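Here's a solo chain for you in structure tokens, the form predicted on its own.
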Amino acid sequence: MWGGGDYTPASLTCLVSGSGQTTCTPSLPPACWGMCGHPIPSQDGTSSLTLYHIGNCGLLGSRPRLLLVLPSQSLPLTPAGRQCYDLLVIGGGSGGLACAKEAAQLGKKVAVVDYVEPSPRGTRWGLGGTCVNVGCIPKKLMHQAALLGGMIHDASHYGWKVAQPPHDWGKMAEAVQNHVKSLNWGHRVQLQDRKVKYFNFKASFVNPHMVCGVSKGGEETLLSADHIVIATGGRPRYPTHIEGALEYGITSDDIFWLKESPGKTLVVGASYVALECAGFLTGLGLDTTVMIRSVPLRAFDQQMASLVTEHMAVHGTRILRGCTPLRVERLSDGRLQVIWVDLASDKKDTGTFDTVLWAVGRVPETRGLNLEKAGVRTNPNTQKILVDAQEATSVPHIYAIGDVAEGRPELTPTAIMAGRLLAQRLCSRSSDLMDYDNVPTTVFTPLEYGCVGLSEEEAVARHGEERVEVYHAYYKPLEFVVPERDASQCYIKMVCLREPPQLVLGLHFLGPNAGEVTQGFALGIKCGASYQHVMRTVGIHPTCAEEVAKLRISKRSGLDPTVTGC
């Protein structure tokens, strides 16, 4: 990297190799982007040049990897000698792209650095982050494919003479992957339209204002910025303590990019990722088992979580509770043998599968960033970045948003909104902070579970059992009636304060189109809706959503909450 005069790389080589050593002079002012300054003589013997190196000042007996020579009087560095931006975003996922595009639209000079390390199985993808490539988008499409299988079964009851055809995984996967690739391209176009510079390389901090990026070919590029946003997200965790887990297993980073059907599958984990994947695999006609060590959907309302897994078990997913894998081995026929133990009885058992999918949590993508060189602090237990209400890290001009930040929901929409609001604050267009309360979400299991606000357990813990009222109902969706579908797990509950006007603390909906239902009621709850407000809302008939506006029976009453009539 060169700049600030007519000095050539050849003259630099001569100057540095003349003595073989350079001496660090801490008293000299550093460059605006934090490198140490080393005065070295020019060829006429005067001290008119300053050497800048990347890294610590210990250059005795060694040559720095990257050098910049400038006339000493030219400090601070000029834009001609570096790539400098108002805002640099590390991470090309939902939150990072939203922040970058918003800032660029508001007139800032912005760059995005993004690089995807291939999964242990070699899966790689393009710009857009987890949601676009290996998360929300392909998951929802495969969930829809599974739902269509159920609709084909229902069709005969409605007079359609349709045979149940076998599912073609390859065709589905190609369609899903083509859509994902179109989104990758769309993000590239949007960045170009907004004049956001995109770099496809792995980034790490050099100092608080500078990042070094390394391309696939090993080329290094330096970028500096007034403000830096870390939005690198997370990746699936491999249980490396289990023999064969890394060698033979896959994760959600791989399942959506398989060209061929995974066949008989063991899904290990109790997270929403585990249950969603197991749900659509079962719906596509595959023999699927879920192995749960403790409780499913730990972060969610536990009554609802029980109903979710109960529905899955009734509709074909085998669930092994209280079990954990001990070892995975590859058999001579290529299949995988899994040995596990029942934690209650200490009894070991064995099963044979075509695929083992690990869904045992995620880890933040922070370890390769050299955060210590920037002074950014992380939680030593989770490795997530510590942030304040303004998304600022321990270094005031460095921010973190999305899954990589400590205490934030691992949800795409929250990362997007947090990114946009942060960009607006950095551009002095707004002082609004991201509000992480009452964030709605949906678990796309075969029977979808949508929720917003507090779980029943959280409400009782926060307010006390005597101050909480729960209204609930078991209902049957009209579309379930003709095909005589089982609706035993279709359930709604609204968690409220008992004291009038009974502020709604949380809503939990289990049934078809749960995301669509929950999104609408989330607005009301965000605005402070009370139980009385909901009861005065006219329902749309006949819908599942109207059942929320008809919740009249409380748990405290002990009455049967089953809805009868239309």
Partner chain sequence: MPIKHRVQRKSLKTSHTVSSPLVTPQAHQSGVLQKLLQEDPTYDYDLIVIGGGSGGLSCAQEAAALGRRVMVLDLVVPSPQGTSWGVAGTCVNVGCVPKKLMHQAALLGQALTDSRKFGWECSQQVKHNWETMTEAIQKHVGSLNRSYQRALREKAVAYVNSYGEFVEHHKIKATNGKGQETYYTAAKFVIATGERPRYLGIQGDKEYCITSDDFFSLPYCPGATLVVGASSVALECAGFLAGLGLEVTVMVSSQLLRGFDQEMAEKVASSMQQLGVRFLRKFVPVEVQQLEKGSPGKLKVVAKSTEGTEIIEGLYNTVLLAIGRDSCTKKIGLEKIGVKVNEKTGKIPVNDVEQSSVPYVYAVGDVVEGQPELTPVAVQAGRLLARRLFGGRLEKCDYINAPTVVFTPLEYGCCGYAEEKAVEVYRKENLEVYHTLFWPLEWTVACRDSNTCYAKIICSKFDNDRVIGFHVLGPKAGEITQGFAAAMKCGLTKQLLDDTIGIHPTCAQVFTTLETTKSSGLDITQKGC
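Model, not experiment: these values are computed from the prediction. Numbering follows the first chain given and starts at 1.
Keep in mind the form predicted in complex with its partner chain is missing from the figure; the text below concerns it.
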Q. Should residue 501 be classed as touching its partner chain in the predicted bound form when contacts are defined as heavy atoms within 4.5 Å?
A. no
Q: Report whether the minimum heavy atom distance between residue 462 and its partner chain in the predicted bound form is within 4.5 Å.
A: no
Q) Does the 4.5 Å heavy atom contact test between residue 124 and its partner chain in the predicted bound form come out positive? A) no
(Q) I'd like to know whether residue 156 contacts its partner chain in the predicted bound form, with contact meaning heavy atoms within 4.5 angstroms. (A) yes
Q) Want to guess which of 350 to 358, 316 to 324, 199 to 207, 174 to 182 is within 4.5 Å of its partner chain in the predicted bound form, heavy atoms only? A) 174 to 182
Q.
Between its partner chain and 241, 293 and 561, in the predicted bound form, does every residue show a non-hydrogen atom at 4.5 Å or closer?
A. no
Q | Listed residue that, although its partner chain is not shown, lies within 4.5 Å of it in the predicted bound form (heavy atoms), from 223, 137, 191, 371 | A | 137
Q) Only one of 311, 187, 108, 420 has a non-hydrogen atom within 4.5 angstroms of its partner chain in the predicted bound form; which is it? A) 420
Q) Mind listing which residues of 542 to 562 have a heavy atom within 4.5 Å of its partner chain in the predicted bound form? A) 542, 543, 544, 545, 546, 549, 552
